[in-house]
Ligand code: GLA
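Encoded as structure tokens, the following chain is the form predicted alone, with no partner shown.
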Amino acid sequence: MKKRFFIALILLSNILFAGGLYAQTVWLDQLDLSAATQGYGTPRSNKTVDGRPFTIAGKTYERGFGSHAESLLTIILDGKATLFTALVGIDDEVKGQRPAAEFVINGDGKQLWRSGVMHLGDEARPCSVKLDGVKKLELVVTDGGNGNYYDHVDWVDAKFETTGVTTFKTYNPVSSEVYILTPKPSASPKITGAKVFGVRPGSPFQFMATATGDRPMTFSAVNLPKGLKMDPKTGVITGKLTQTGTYNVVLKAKNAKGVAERKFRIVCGDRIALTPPMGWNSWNCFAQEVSADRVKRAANAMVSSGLINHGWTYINIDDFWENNRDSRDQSLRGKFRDEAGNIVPNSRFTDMKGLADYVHGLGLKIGLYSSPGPWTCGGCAGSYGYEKQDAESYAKWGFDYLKYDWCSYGNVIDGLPENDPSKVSSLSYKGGNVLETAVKPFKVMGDLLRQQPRDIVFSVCQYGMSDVWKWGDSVNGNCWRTTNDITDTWTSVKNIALNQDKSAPYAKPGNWNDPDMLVVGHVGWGNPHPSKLKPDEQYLHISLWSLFAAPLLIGCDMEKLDDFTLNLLTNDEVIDVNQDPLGKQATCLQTMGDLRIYVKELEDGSRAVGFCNFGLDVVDISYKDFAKLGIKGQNVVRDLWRQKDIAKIDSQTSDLKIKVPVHGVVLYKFSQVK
């Protein structure tokens, strides 16, 4: 009797299970949301991205997933879910801003639902998606077409109905494995850094010949022109040139293991920054906490880490070296200018000339920051009305670089908002010619810098407005931002990278498109943390910025450089792509699904090629379309990250195996066999 009872019970259980009576509700907030990627902040369970209760169009919700566009959460269902329901919308915590976002649900590679573009104040939009048989679900939020500023997005009351008792796993297809590709330098000397250097007649000359290899090491230079001398212990060349012309020099480095030499070209003329500037900037690490002490420590770390031996040169102070208009920090309070109109640094920077001398004494150069408006982005004293005094102060102190940031200049001209780069992606000046309005403040400072008795690299920072790449050279600019500020997220790096081709034709020696600073290492804008970019994403980031001939400005804490970050920043063959004297910027010559192939022509006739995977699946192909990349004849293929030749191909008959990780890169150099 008991046996029959248990058999009947089992049969009944199976019937109930098959009928869905044992179905389970799984709430989205119960899953591991840390696997999500997003454009700002960290994924949150039952709170907004800023840590507040959910509120959409005035209505409050208790449960859900708080994120920020652009975001992706991948969930492995294995066919065990039948239904997903949720309410979606933009959170009220960003009132006063203009966010826009679109929610999309994909299942097994097919779009199952989309919300349409939503704006702040829109009522929460319901979604109900049948999931029978779906194995992999993707919850996606795009930026709505206007950038991802303030796109605080909520999936509320979000839950799955299942076919039985089960758990779901979230999944990030981008690998977190840290791996080092760059081989350690040989003990024998190898000269690194720029192969060409520009200087104006009469300007103080400073260039450091750099090399890897065991120390001690001595340096020398053959055919160094009159007026210049080299310190054999440091490799620093100083002096002045009075005659214009091109001087062909041979640099030599010697240690106990041997001698290395390399051709080096000095061009004395009207153009400087003949290769993209390389160095460090304080903003992405210290932001408003910057101080002279921290700048000195960063310079010391540039030397002690060995970065200096790979051509890294500039130590740049960003905002907050000036006094601030409303900070509660007394170290930032004081008079903005003296009686003569000269700017007064804050109490953290008591001796600007002494600081510049200190950095120069290490063989490095030093940069500064200001704004053409009355205030900087952080509310410190800007240069408006005092441009001449400021340019003269920078030169008198001995600075080599100026980043000039648009910000409050929008308050000077009618119709532009103040101190918010996200709102000035295009000019809407009501009282005059838009282009003239964009150009004017940079022309004023560019001309004044040009009149100073020393060379000062001029970095125009106005976020790509009014196609700055078309007129940046006319204001004596050496580099110019093509984009809004970068963050250490895949969305930011990807969107910036995919937007660089339009400015590429305007890159040349002395004129560089700037897609903003490097977000590797410990970054955080006053709250440092390891970069949120996965290792493969960091390889892609460094590779693309090198292909783009972009200024390479490290944004991390220089005293927290780990082995992986050093590996990224000390590969001389990758750096050589960035510093190539031809000065051409790579463009995308072929797209194959999510694979984009960027090609950069180099001075020696070779081509650097980046096979860049922007998708969520590994790319594994046999490639043979070499003609589309401008590659002809027989070529040696060299893996630049691994610094080794991997193949010899014939452009008409060969196939080349290419395997590119998710959000990763393969960076090769194709050199024609002559």
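Note that this is a predicted model, so its numbers are computed, not measured. The numbering used is simple: start at 1 and walk along the sequence shown.
Here the subject shifts to the form predicted in complex with the named molecule, a form of this protein not shown in this document.
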Any chance Arg481 has a heavy atom within 4.5 Å of the named molecule in the predicted bound form? yes
Contact between Asp319 and the named molecule in the predicted bound form at 4.5 Å, heavy atoms? yes
Even though the partner isn't displayed, in the predicted bound form is Asp473 close enough to the named molecule, meaning a heavy atom within 4.5 Å? no
Contact flag, Asp92 vs the named molecule in the predicted bound form, heavy atom cut 4.5 Å: no
If we test each of Phe197, Trp283, Tyr598, Trp375 for a heavy atom within 4.5 Å of the named molecule in the predicted bound form, the one that passes is Trp283
Heavy atom within 4.5 Å of the named molecule in the predicted bound form - residue from Leu307, Val574, Met517, Leu139: Met517
Which is the contacting stretch out of 481-489, 185-193, 444-452, 527-535, given heavy atoms within 4.5 Å of the named molecule in the predicted bound form? 481-489
Interface residues of 445-468 toward the named molecule, as seen in the predicted bound form [heavy atoms, 4.5 Å]: Cys461, Tyr463
